[in-house]
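In structure tokens, the next block holds one chain alone, the form predicted alone.
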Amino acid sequence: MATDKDHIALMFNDIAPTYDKLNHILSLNVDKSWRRKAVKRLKKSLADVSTPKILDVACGTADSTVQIAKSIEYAEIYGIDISDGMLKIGEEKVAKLGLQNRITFSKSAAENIDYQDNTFDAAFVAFGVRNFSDRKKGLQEIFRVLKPNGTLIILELSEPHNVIVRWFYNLYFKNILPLIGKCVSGNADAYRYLQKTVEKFPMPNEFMPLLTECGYKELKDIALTCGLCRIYQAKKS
């Protein structure tokens, strides 16, 4: 019997060939800046670790994985995702860049990570937490595989607080984004799904307590681009 996770995987398999192109178009390339800022925080948190092991959860087509590898040249990176289509493109991208000796991919869901306890110095999730079928369980699994004092960096889309910005945001996300998504990928439903998952994702005053409940400490919330995107940073207690 198909599960929500199965449906999500199939959807991402379908849009995988155009995923990178659409991300850049739909965000006007701002997503690249968001990733750089998140990876910069990740690198700073690992300044005292000689050869860190980093888990990139819901790595997709490996845009963030590659960014991490380029920025933290001494790191070993492990990318996991539930979509075969996304992983295939990620593997091709990494091979083309000659980074396959430092990046390892495997098919795995955030809710059931196939690594032992206390394995990673840091974990990174870019635009993936809202796709977890069980948000709390996914965060708890990441907590489990992090080493004590290991860092979690989450980069996630968010609804802006400002009334004017929110009006334009709603116009774009509910009307323009699915249309562009359909034209480029042929799948408007996938981009309606994106809009719905962003709407349902908890605001910081709800998400930060969830991180605390899962055992994380030293929480930080950084708003980017008028709150259209946020970086959440935390440590394993």
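What you are looking at is a predicted structure, and each value in this text was computed from that prediction instead of being measured. The first residue of the sequence shown is number 1, and the count goes up from there.
Same protein, other form: the form predicted in complex with a small molecule, not shown, and the subject of what follows.
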property	result
4.5 Å heavy atom contact, I142 to the small molecule in the model of the complex	no
In the model of the complex, G60 touching the small molecule (heavy atom, 4.5 Å)	yes
Touches the small molecule in the model of the complex: F12 (any heavy atom, 4.5 Å)	yes
Contact label in the model of the complex: T151 to the small molecule, heavy atom within 4.5 Å	no
Answer option from E91, E111, E76, D121, heavy atom within 4.5 Å of the small molecule in the model of the complex	E111
Non-hydrogen atom within 4.5 angstroms of the small molecule in the model of the complex for each of S27, S158 and V198	no
Interface segment, criterion being heavy atoms within 4.5 Å of the small molecule in the model of the complex, picked from 52-60, 198-206, 164-172, 38-46	52-60
